[in-house]
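Below you'll find only one chain, the form predicted alone, shown as structure tokens.
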């Protein structure tokens, strides 16, 4: 089989796991990790483009396809449906020659023992060459056009009526490669990255954040293996910078995995007594790996942030970073499969967990200490509404988030919305203990 066909076949196999006919899919990242070792670098590039692209534009692609079919493809032939969606994505969202795309996907049908679908695939893709995603989008509902589950589109319209369409469009984009440079190596790294032929653009709001073009295998970037830079979105770099306690403080990074903010705290406060907590021992291993690569020390704790009695040593903290579990609606462009796995009912469950964590961790902070609450969500009930409710419950809590950057006005905290070519959607709030 030709190399490029191996990549296309791998994409179909992965998408069957991520977007199965019954709707109960696995994580795209996990599915790709199992497959990528069998492919060459060029094959991996095409496979990743197809997998991420179909997840990003799933409703748009499906909406047009449904209008071309006399009857839906049966669930037992779901792989053929995914072949067609992959082909449509490649036609409309890549620069590959149309004739090469149209000719390749019937062979994939034969490879998955669906010879009957080869002619259908050829006919559908030939027809698709006469239109493009702009034409198709104009004939669909907003939820389909922006490839969002209806409940999420409705939530955006309620929360941000003026920005909903812009947010939805941004979440269909490809996110930039953003890294955080180690402060003491920033000047040398800027020079090394540019010497490697990369375009390096400073992030406007994160002092040590850099956007790198073109996208690159991060392990091959100068300084990565030496622990001098880490992949971290610009917005995600802002919460840790809100702490202003002395360098010798006792710090807790709650919900720490995979360790990006643990590493950042260690860089900002090298003499602090730093602990990293996560409920999942397997995910905590990622924190350990991050610490080893960066050459930093942190006490790793396995436990539930809402149940401190399981892990707390009884000594209060000067500062706590609470990057809590959330809907992750602000980073959908980085994890586009998430919007098809998340359910509307999940939001109330997550809000309840966030409330319990806030109330459980607050007594662990010294008087005069600081908590920074953060989410990668753009839903107000997880963000400003959550913090307003916490302040009403805790009379010794005072919110004093500095206005560094803000996409929209909120009663408390700082709400960022995803920006084309820029930062992800994020929320953070700084809380002082009186």
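All values reported here derive from a predicted model rather than from experimental measurement. Numbering follows the first chain given and starts at 1.
Not pictured, yet referred to below: the form predicted in complex with a small molecule.
A residue is said to contact a partner when one of its heavy atoms sits within 4.5 Å of a partner heavy atom; residue 234 fails this definition for the small molecule in the predicted bound form, lying far away.
None of the heavy atoms of residue 318 is located within 4.5 Å of the small molecule in the predicted bound form.
Though the partner is left out of this view, residue 353 does reach within 4.5 Å of the small molecule in the predicted bound form, counting heavy atoms only.
At a distance threshold of 4.5 angstroms between non-hydrogen atoms, residue 223 is out of contact with the small molecule in the predicted bound form.
Contact annotation: of the candidates 148, 266, 251, 257, the single residue with a non-hydrogen atom within 4.5 angstroms of the small molecule in the predicted bound form is 257. Checking 279, 294, 120, 101 against the small molecule in the predicted bound form, a heavy atom within 4.5 Å turns up for just one residue: 279. Only one segment in the set 257-265, 86-94, 170-178, 129-137 has any non-hydrogen atom within 4.5 angstroms of the small molecule in the predicted bound form, and it is 257-265.
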